[in-house]
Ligand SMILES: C[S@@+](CC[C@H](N)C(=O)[O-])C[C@H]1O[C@@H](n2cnc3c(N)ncnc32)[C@H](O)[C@@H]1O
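One chain comes next, on its own, written as structure tokens: the form predicted on its own.
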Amino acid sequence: MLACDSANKLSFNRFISNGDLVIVYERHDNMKPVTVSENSVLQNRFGVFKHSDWIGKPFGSKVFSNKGGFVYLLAPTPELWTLVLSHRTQILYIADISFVIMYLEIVPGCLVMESGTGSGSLTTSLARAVAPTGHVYTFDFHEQRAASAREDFERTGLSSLISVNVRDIQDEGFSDEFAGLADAVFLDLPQPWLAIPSAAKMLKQDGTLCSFSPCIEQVQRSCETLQTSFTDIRTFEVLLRTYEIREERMEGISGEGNVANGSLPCKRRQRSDGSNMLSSSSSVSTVMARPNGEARGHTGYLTFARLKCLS
């Protein structure tokens, strides 16, 4: 995804190699991650695909099966990984993730602390944002969940940018070794107000904090705690409306009399009784856009705050 070489420079591999992770794209709502293995095959409704045929092809290639069906081989960007990763917990999606990264002012070189790790959706995007010289320290109280996340980061090539730790931040707080070092802190906890005092100690002067909560009661209590050490407290709800774009054919209108303005081109036909009628010459293809009926609604509230500067 974002492999780093020994000189800490980003390395974008544009061609598929044996052992690479690829996203196999069938359609926008049907994708899966596959690790390329020279002697393996992928079988789906379109036929059998040999991994050996993929090696050496650029990401984005269209590859064919033994039956003539095809799929696309996409690079595992954080956006696509968010759509295909295993859900060990409820995850943040692209709209919330992009808003978090922008409002926390995360740029290359930042040190970011996150609790909890969960399925690693946000962590993956944070790692790309801080690369190549920054680092993400993520914490989860659940040991098996942390181990699974660590395996995912190895698989996506981001392990050099992410440190996964097992710690109950809500009860224990962050470790003192990070005091005053973090540029930003992200909290996704049932009771974030318990971790806010510890998070304040981790931040640099003028550092930023974000807390994600699904319920407004959690937001209210968090804001009360934030007022002690933070300023510029704001809460947002990001609602995204997606549209389906499809090509459809519109049949021509037939009938008697004159053609209304804007109607399709018509030609005059003569009936058996000698009278005339108008009929369309052909159907026309047009692009239609309409709201997606399965668009996600409320996910959670994002509360941001900035650490007060000491005078």
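Numbering starts at 1 and runs along the sequence shown. As the structure is a computational prediction, the values presented were derived from the model and not from experiment.
Beyond the structure shown, there is the form predicted together with the ligand, which is absent from this document and is the topic of what follows.
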Worksheet item: Out of 230 to 238, 197 to 205, 67 to 75, 167 to 175, where are the residues with a heavy atom within 4.5 Å of the ligand in the predicted complex?
Response: 167 to 175
Worksheet item: Tell me, which of Ser222, Ser119, Ser213, Ser125 has a heavy atom within 4.5 angstroms of the ligand in the predicted complex?
Response: Ser119
Worksheet entry | Contact of Ala95 with the ligand in the predicted complex (heavy atom, 4.5 Å) | no
Discussion item. Residue-level question: is Ser159 within 4.5 Å of the ligand in the predicted complex, judged on heavy atoms?
Written reply: no
Worksheet item: Looking at the partner-bound form in the predicted complex, is Pro190 within 4.5 Å of the ligand by any heavy atom?
Response: yes
Practice prompt. Report yes if any heavy atom of Ser148 sits within 4.5 Å of a heavy atom of the ligand in the predicted complex; otherwise report no.
Written response: no
Worksheet item: What residues of 196 to 229, in sequence order, lie within 4.5 Å of the ligand in the predicted complex by heavy atom?
Response: none
